[in-house]
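Given next, in C-alpha cells, is a single chain: the form predicted on its own.
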C-alpha cells in the first residue's frame, strides 16, 4: 500500500481528496484497481480502454456501463476510455458521499443517449430497454413502450415541451428517496 501512496504523491493525493467525494483510502484503492486494469505493456499509457473498464465486476452487470464510460471519458477520440482522473470522477459521482445534485446531474447525462441536453422519446425508449433487457421475452410491445413514455412525460415534463430537461429530471429524482442510495458503485 505504501508504494501506491508514494506513486501518487501526498500533494496529488490531497488534491484528489479536495476535488472528489472520496477518502484517501478510496483514492488509493481506486489507483490500485486502475493500475491493475493496465497490462504490463500498457503501464506507460495514461488511459484504460473502455473494454477493460467494463471488465470491472462493479460495472459488468450495470445495464448503463457503456454510457457511464462515455459520460466520464475525456478522451478526444470519444471512445469511452478513462484516464485515472476520469476514473476518480466516476467513482466520486457514484460514491455514498456525493450529493443528490451531483448524482442526478450524472444520471441525467447517462440517460441522455444522444447527448442533446434533454431526455426525449428516443432517450426514454433506450433507457427502458436498458432496464428491461432487449430480448424478445423482456422487450415491451410498441404500444406498451408508447404508453410508458407517455406516462413518464406526463409525470416529468413540467413545461410540456415533449422532453425532460435537467431541472425537471432533478425535480422527479428529488421525490425518489431510494435514488441516492441506489446510484452508487463501491470498489
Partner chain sequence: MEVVGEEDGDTEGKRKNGRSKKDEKKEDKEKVEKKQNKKNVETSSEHESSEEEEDEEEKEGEEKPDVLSPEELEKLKEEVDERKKLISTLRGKPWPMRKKLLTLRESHEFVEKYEGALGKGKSRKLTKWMKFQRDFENFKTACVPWEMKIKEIESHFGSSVASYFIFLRWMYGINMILFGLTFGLVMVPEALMGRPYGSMPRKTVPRADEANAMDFAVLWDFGGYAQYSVLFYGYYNSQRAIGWLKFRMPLSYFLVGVGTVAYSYMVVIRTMARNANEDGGGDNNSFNFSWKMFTSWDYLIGNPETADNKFASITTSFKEAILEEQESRKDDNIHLTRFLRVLANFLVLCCLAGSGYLIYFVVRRSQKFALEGLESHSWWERNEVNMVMSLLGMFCPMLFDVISALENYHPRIALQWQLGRIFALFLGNLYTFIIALMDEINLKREEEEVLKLNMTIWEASLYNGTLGANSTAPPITVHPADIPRGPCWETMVGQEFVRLIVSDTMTTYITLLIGDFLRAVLVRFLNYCWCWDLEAGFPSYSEFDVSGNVLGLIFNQGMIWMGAFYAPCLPALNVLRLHVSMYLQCWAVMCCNVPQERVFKASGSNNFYMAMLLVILFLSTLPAIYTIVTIPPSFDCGPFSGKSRMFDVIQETLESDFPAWFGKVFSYASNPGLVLPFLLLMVLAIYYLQSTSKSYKQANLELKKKLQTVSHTVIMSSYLSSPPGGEHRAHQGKSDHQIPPSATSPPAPRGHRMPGPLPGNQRQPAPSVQRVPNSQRH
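What you see is a predicted model; the values in this text were computed from it and never measured. Positions refer to the first chain, counted from 1.
One more form of this protein should be noted, the form predicted together with its partner chain, which is absent from this view; the next part is about it.
- In the predicted complex, its partner chain stays beyond 4.5 Å of every heavy atom belonging to residue 9.
- Although the partner is absent here, residue 37 sits far enough away that none of its heavy atoms falls within 4.5 Å of its partner chain in the predicted complex.
- Contact check for residue 158: a heavy atom falls within 4.5 Å of its partner chain in the predicted complex.
- For residue 148, a non-hydrogen atom is located within 4.5 Å of its partner chain in the predicted complex, even though that partner is not displayed.
- Residues from 171-187 that approach its partner chain in the predicted complex with a non-hydrogen atom closer than or equal to 4.5 Å are 171, 172, 173, 174, 175, 176, 177, 178, 179, 181, 182, 183, 184, 185, 186, 187, in the order they occur in the chain.
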